Each structure stands twice: as structure tokens, then as C-alpha cells.
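Coming up are structure 1 and structure 2: the same protein chain in two forms, each one given alone as C-alpha cells.
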Structure 1
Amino acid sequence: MNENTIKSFEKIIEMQLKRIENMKSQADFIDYSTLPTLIIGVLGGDGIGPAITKESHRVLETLLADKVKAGKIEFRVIDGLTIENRAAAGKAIPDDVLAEIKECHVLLKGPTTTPRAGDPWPNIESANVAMRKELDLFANMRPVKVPSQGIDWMFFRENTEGGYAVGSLGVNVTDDLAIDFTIATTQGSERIAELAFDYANRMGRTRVTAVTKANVIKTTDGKFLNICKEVAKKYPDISFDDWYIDIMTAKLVDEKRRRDFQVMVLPNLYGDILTDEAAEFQGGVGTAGSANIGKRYAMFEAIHGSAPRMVAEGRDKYADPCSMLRASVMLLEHIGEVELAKKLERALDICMYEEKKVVITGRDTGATCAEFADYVMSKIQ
């Protein structure tokens, strides 16, 4: 083995050991109830982001009006996360924008454009990836709900380890041999498992399922699974089981079995794949919100992109705000406003699946995102 290969291995190991020490030194999760004022930052992003984020912001301010008036909650609109501003700064998140972000506790974030080959923008890093790193947002939460099919799932995808942890640091040992890496740490696995079980406990869920391939990837997936089993012992009222990722993708299609699943906790790569499959049952990624949770910060967003074509065609005002409104449900749950979250979620279910009196088509044949948000607010009781 040549010296460069050995150095590459050493660099990865040293980087991960340093990350473990950082995790060990972190404080516990922030308790929002102890804050004199909870600051919610609102970042419109770009493309259709500003249009759909504006409506979610409006709905949240309406629901939280009493606490805003009392000074318990403050909304701050943060501009500057547009692709134009990021390209001009040559950074995924400009320094001044990042400083404003770090003054907040919770973020409501619209989609952002990530440049690709052929785009008129410099090759800057994804704003989402950069934010997860900067704020250590280690847990990606994605809900999927289809009441008519008995589907009510919450996925907890580990955000910082697994097959994506060092995705750009693979090694070409020789012309014939390429090696990539998957990472699992005790601390990283514990905190995602704890978050999943704590959520299930708070929200009255009765089952948590770990999804791995521990029968084949024995060391890293085995560690993840074993730690989930240990955390499960702290929650005797919640049943725990585990499935392998390949059969789990099939069981989500099984109309009888899929109704049994409630909360799922997964390493990074499996979570990415399974949540996109799951979102299709709900109507696709355009209908799904997500959360990125850390111990100090939390970010709530749509899981789809910025749809620049809609903006170019003047259709951004007809964009579907459901993904951001679903993310707003998660934001309310996260800050302890569970009853308000339930009211907003119920209103969305009525508007999206039951009455469907106001329909979004993405064009002038349907409602604007503002008209749909008005419809949702009219159903909040």
C-alpha cells in the first residue's frame, strides 16, 4: 500500500476522532421553556422559496400571535440566502447571513438552489449541507401521512455519519481498487436513537423501528442497531423492533404490514432512500416537510428543490406551499406547541385529502399559494 493511501486513511480517522470529542463536549438539548424569548428565523431561500415560505410564516405568526405579542416568541426575517448573494460571496452561506442565523434558535427555511454543471453559478457547496455542518443538525426528521391508507410515519434519519460522512474522501488505492467509507460512532448513534424514542414518547407513539443492514454490514450497522436496542430499554412502554433495509423497502408497499410502522430510525444512506420512497405515498416530495435537529439549533424546511423554472415562467405564486406548511407542523411540535401543531396538521389533512375545495396545480388553472394558505387557516379550529 502506498504512502498517500495510508495518509488518506489516517486523515479520515483523525477527523472522526476529533468529531467524537466535539460531540462528547456538547451540552444537552436546549430547553425552549427556559428562554426569555424564542427566536424563529425565517429564510426565504430562492426560486419558489420566498413565495411558499412567506405563507408558512404568515400561518405561524397567526397561530402564535399571543406569544409574539407577549414577547415570548420573535420572528426574524433573514435575507441573503439567495443563489445570487451566495454566488457573489463565493460561499454556501455568506458570513453575515450565518451570523444572523446563529442568533436564532429555530429556523424556517425555504428551498435553495445548489449549482450543478452547466449552471451560470460558481460551484459552491449546498446551503443545506453547509447549514447541517455549521449548526450540527444531526437528525433529519421526515413525516409521511396518508390517513385513507392508514399511513402515519415519522422517519429519523441520521444526518452526519453513515455512507455520506466522508463521501468526498474515498481513496483510489490503485487503478483497480477504489474504497469508500461508512462511519458509525457511539455518540452519533446514541443521539439519533434518543431523539427518536423521545419523540415517540412525547407524541404518544407506541412503536420504534430501526432499519439497518446489520446482517451484512456488521461493524457499523451492527453498532447502530445495538445502540438502538440499548436506548430502547429506557422506554419500556414503547415496543422496539428492527428490519433490514432491503425488506423494509418492500414492506412499505405491503398494504397490510405498512400500517403497523410508526417511528423509524435509520443511518444516513438508508434514510435518504426510504424517505423518498415513503413520500410518494403522500403525493411526492412536493408535499413533504422535514426537520433538521441539533442540540442547539433546529431547521424546518421543504424536502424539494427551488424550482427555478416556475420562477422563470412567472408561476412562483402558484407553487404548492404544503411542504412548508407540513414543516411548520413539525416546528410547532418541536417548540412544545403540540396542540397548535395538531390543529394545523388536521387543517392540512382536510384541505389536502378530504374537502379539496381549493386545489394547487402549479399554474393559473389552480389557486395561488396565498389562497391555499387562506383555505388552510379557515379550517384551523
Structure 2
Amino acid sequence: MNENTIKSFEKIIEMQLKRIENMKSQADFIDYSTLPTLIIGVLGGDGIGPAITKESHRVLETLLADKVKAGKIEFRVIDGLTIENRAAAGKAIPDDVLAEIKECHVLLKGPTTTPRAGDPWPNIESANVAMRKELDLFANMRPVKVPSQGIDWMFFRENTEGGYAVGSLGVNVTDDLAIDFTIATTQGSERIAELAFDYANRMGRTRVTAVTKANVIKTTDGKFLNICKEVAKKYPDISFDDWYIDIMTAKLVDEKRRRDFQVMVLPNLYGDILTDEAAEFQGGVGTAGSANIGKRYAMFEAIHGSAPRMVAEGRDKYADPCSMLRASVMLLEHIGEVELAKKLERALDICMYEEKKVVITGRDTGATCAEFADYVMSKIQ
């Protein structure tokens, strides 16, 4: 084995031990009510990102107009998180963009293109993944609701560990041997489990389900599961159970059983996969928003990618803005604007599921995202 392999392994272990120290010394959740001005950064991203982000930004500015006027909230548009800029900088997030991001408290972020091998772009790390790690956004909350089928799920996807923690630092030991790493820490598992149970408790939910593959991935998933079990003991009124990811994926299509799940907590990669499946029942990833929560920062985004094909075909203005509008509902809730969040959520339900007078098809056969956003605004009471 060559020296460099050992060095790479050492570097990864050191980085992770340092991350643990940072988690241990981290301050508690920021209290927005103590801030003179809450700064909301808006990043359009690329692909269909700018088109759909612009609309949710417009809706939020309208809803929060009074607070903006009073100087309590400030919106800041941050350009530069495009694939062209990221490729030119050779970084997932260019330094100047990151500096601007760090001056904000809350972010609304459009999808960003993730380069993969074979693309015209350098194979840099995903901007999503980099931002989640850089801002320590450890909890990815992804709700899925299908009221007509009794589905009301909240996924707590661990967002900084698992296969993603060093996903871009795998090692080609020899031409024949490639090794990636998956990581679980006590602190990282505890904080996501605690948030999931705390959420269930506050929202009057009665069940939390952990999803792992601890029968095979024994060390890391085993740690995650054990910690979930420990945290569950502090909540005797909430029933706790655990499933393996394979059967859980099957159970989500079991119409008799699936409505019984309520809050799910799971490592990063399983959360990535299961939430795309779950969103499909609600109308697809285009309808699903998410919150990435950390102690100092929070970022709200769609759960889907940047759909470069739509842009190449000139269809970006027909992209569905619902995912970003749903993310905006979560943003409003998160900053304490619960009434406004409810109003926007209600308007979205009317437009997406009940009245459906303006319909998005993704092509010129349907409405533009601006027309749809106007429709949603017209339903806000």
C-alpha cells in the first residue's frame, strides 16, 4: 500500500475528529427575536433555479413587506452560485459567495447543478452538500403530505454525515481498489435524533421511526440506531420503532401501512433516497420543499435538481415553482411567521390540489411559473 493512501486516511480521520470538537463547542440555536434585523439571503442557483427562486422571493417579499419596511427583515440577493462561477473558481462555493452567505441568517436557495464524471464541468463537490457541511445544517426536514390518503410524514434526514461527509474524498488505493467512507458520530446522531423527537413532541405526533441498515452496516448505522433508541427513552409518550431501509422503501408503497408512519429519522443517503420516493406520492419532487436546519444558519430549498434539460429546451419559465414555494412556507414557519406560513400553505393547497385553475405542465401547454405565483398570491387571504 502506498504512503499517500495512509496519508489520505489520516487526513479524513483528523478532519472528522476536528468536526466532533466543533460540534461539542457549538453554541445553542440562534434566537432570531434578539436580532435587530433578520437577513434573508436569496440564491437563485442555476438551471431552472433562478426562474423558480425569483417567484418565491417575490411572494416572500410581498408577505413580509411590513417587516421589511420596519427594518426587521432584510432580503439580500446573492449572485454567483452558478455552475459557471463554481467551475471557474474550482470550488463548490466560491469564497466571495460564501462570505456573503455567512452574513445572512436564513437562506432561500434555488437548485444548483451537481457535476458528475463525464460532464463538461470539473468534477467539483455539489454546492448543496458543501453548503450543508460548511454551515453545519445538520437536519434536513422534508415533509410529505397527501391528505386524501391520510399521509402526513416528516422526514429528518441527517445532513452532514453518512456517505456524504467525505463523499468527494474517497481514495483509489490502487487501479483496482476504490474506497469511500461512511461516517457516524455520537454528537451528529444525537442532535438529529433529538430534533426529530423534539419536533414530534411539539407537534403532538405519537410515533418516531428510525430507518437504517444496521443489520449490515453495523458500525455506523449501528451507532445511529443505538443513539435513536437512547433518545427515545426520554420520550415515553412517543412510540419508537426502527426499520431497515429496504423494507421501509417497500412499506412506503403499502397503502394499508404507510399512513401510520409519522416522523422518520434517518442517515443521510437513506434520507436522500426515501424522500424522493415519498415526494412522488405527493405529485413528484417538483412539489416538495425542504428545510436545512443548523444552530446558526438555516437554508430552504427544493428537494430536486436544476433540470438543465428544461433550460436547454428553453422551458425554464414553465418550471414548477411549487417546491420553492413549499420551502418558503417552511422558511416563514422557521422565522416565527406562523400565521403567514399557514396562509401561504393554504393558498398552495388550493392552487395545487383543490381549485387547480392555473396548471403547470413544464411546457408551453401550461402556465409560466410567474403566472402560477400570481395565482397563488391571489389566493392568499
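Predicted model, so just to flag it, every value in this text is computed and none were measured. Rigid core here is just the name for the largest C-alpha set that superposes within 1.5 Å across the two forms. Numbering runs along the sequence of structure 1, starting at 1.
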{"item": "Identity of the form predicted alone among structures 1 and 2", "value": "1"}
{"item": "Large Cα shift (2 Å or above) at residue 17 between structure 1 and structure 2, core-fitted", "value": "yes"}
{"item": "Core-aligned C-alpha movement of residue 296 between structure 1 and structure 2, 2 Å or more", "value": "no"}
{"item": "After fitting the core, residue 256 CA displacement of 2 Å or more between structure 1 and structure 2", "value": "yes"}
{"item": "Shift in Å of the C-alpha at residue 269 between structure 1 and structure 2 after core superposition", "value": "3.7"}
{"item": "Inter-form CA displacement between structure 1 and structure 2 at residue 215 - rigid core frame, Å", "value": "7.6"}
